[in-house]
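The chain below stands alone and is given in structure tokens; this is the form predicted alone.
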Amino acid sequence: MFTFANGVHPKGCKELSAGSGIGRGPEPKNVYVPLSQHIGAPAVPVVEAGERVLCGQLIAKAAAGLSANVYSPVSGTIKGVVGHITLSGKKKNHILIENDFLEEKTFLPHMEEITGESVLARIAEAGIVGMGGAAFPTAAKLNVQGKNVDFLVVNGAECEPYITCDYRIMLEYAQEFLQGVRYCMLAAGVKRAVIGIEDNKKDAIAKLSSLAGDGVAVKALKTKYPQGSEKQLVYSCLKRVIPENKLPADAGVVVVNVHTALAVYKAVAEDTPCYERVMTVSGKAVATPKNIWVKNGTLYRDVAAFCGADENCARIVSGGPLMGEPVFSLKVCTGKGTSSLLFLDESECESKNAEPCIGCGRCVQACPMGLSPVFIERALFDKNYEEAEAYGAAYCIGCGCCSYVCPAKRFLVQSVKLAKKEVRARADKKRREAEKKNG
């Protein structure tokens, strides 16, 4: 079975929502559409308060540099640009739209010619970003001209516990998804693609294997976390190693997520921009775990009410339980990268105080990047950032395997991520000082 070194085997908990077909989500009275649903600069509003918009209408244009267009998920009236709470706890600009529930839609101009160049332009126009959570603008990722890229790798691993939205897409939108993969291949100028799927999704593997072809292959991967992490996925699928401080393109590969490929299909074949997504709502504190289409800008509270979730449960997480973020307010809104919302009861959570390290080395054995988290943590506590850098803090992918296996329940992943932040900040400061010195 194809896989990578180290990693962990957490309980999947996917049975809660795996059998739930994709349905329509809530129809909110108001949506707060974030201007920052992507890595890079926030989009720039092109609408004003009092203006009526249609579902699928451009409401914020990509800023200069790395950015992405933003579209209205409903028809209704623009109430204005407002500061609204985000997962980070900070207020950022959102466009508030009052839904008129008429569901009047507009579409992108129909594509007369399908070429690599036109597909790449359409992906940028539609505001598509990485929908596995990273939210990197997809057009920028697929624009690999001048690089020796010969393979597209599609992340169908969905290795985080609970999340099943990509799995359902592969089953229910198999043809559309595969066509989206071919459009991505065309945009990147590659002739071959491989879809990596963990072997706990045997029906998805069988279905896609029967429909693939035309340079697209399906590869069954060992069920192990973090199989869907970019470096681990590329190695599992192609046995190629992405060099340190380099991108997948430096290994001849470009990587996209299942939902991203579906969004590309909808933009190219159906002229539909990216204004909604499928997300999983799961956990034992949810009356009816579901996979649902949710409009960008929907309050988490509306999603919770739609699925019968207990707001007073033990823990609420946006994303997966290992790499997701804790939710402190259900006023936070969904965006292009919101893959799941989990409502966990006491039996699904572990709240223990951290104890002194016992030197067992399990964190070293589990780390898929081959790091020594315990030594990086000690360097951080000693404020010895040179040592933290020497131990490879900069290469942490934040998967949380170290914390998961630690018998002392130390907050290792948080410590390593903080050390990584400090190492990068010091490197940036040195670079600025050098640039200033050299004029």
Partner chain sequence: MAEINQYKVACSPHKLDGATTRRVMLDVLIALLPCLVCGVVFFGLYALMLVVICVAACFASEQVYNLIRKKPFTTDLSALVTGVILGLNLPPRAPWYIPVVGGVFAIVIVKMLFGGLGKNFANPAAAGRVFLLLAYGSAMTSFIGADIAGNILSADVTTGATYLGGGVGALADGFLGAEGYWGYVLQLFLGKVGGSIGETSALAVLIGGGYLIARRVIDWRIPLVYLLTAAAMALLCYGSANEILLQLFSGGLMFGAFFMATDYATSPKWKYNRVLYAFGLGVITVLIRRFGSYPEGTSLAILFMNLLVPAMDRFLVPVRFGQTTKKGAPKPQVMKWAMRGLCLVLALAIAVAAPLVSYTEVAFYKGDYAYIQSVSRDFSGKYVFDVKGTAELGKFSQPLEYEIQADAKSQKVVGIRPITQSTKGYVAELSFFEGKTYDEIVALKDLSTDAQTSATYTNIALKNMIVECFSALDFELGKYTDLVLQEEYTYISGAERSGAKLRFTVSGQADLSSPSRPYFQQLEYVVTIENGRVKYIQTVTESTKGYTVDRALFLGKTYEDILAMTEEGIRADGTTGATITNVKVRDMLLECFESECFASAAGGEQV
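Treat the numbers as computed from the prediction; the structure is a model and nothing was measured. Numbering follows the first chain given and starts at 1.
Although not depicted, the form predicted together with its partner chain is the subject of the following passage.
Asks: Looking at the partner-bound form in the predicted complex, is E172 within 4.5 Å of its partner chain by any heavy atom?
Replies: No, E172 is distant from the partner.
Asks: Can you work out whether A206 and its partner chain are in contact in the predicted complex, taking contact to mean some heavy atom pair no more than 4.5 Å apart?
Replies: No, A206 stays farther than 4.5 Å from its partner chain in the predicted complex.
Asks: Find out whether any non-hydrogen atom of S67 is located within 4.5 angstroms of its partner chain in the predicted complex, and reply yes or no.
Replies: Contact with its partner chain, no.
Asks: Determine whether any heavy atom of K105 comes within 4.5 Å of a heavy atom of its partner chain in the predicted complex, and answer yes or no.
Replies: Heavy-atom contact with its partner chain at 4.5 Å: absent for K105.
Asks: For the three residues I242, G361 and L371, which mark the spot I'm curious about, does each lie within 4.5 Å of its partner chain in the predicted complex through at least one heavy atom?
Replies: Every residue of the spot touches its partner chain in the predicted complex.
Asks: If we take heavy atoms and a 4.5 Å cut-off, which stretch out of 233-241, 213-221, 97-105, 129-137 is in contact with its partner chain in the predicted complex?
Replies: Result of the contact check: 233-241.
Asks: Answer with one of K92, R301, R192, K266: the residue that has a non-hydrogen atom within 4.5 Å of its partner chain in the predicted complex.
Replies: Of the listed residues, the single hit is R301.
Asks: Consider the chain as shown here, without its partner, and state which of L344, V253, I292, L120 has a heavy atom within 4.5 Å of its partner chain in the predicted complex.
Replies: That would be L344.
Asks: Where, within 398-425, is there a heavy atom within 4.5 Å of its partner chain in the predicted complex? Residue list please.
Replies: If the 4.5 Å heavy-atom criterion is applied to its partner chain in the predicted complex, 398-425 yields G400, S403, Y404, V405, C406, P407, A408, K409, F411, V413, Q414.
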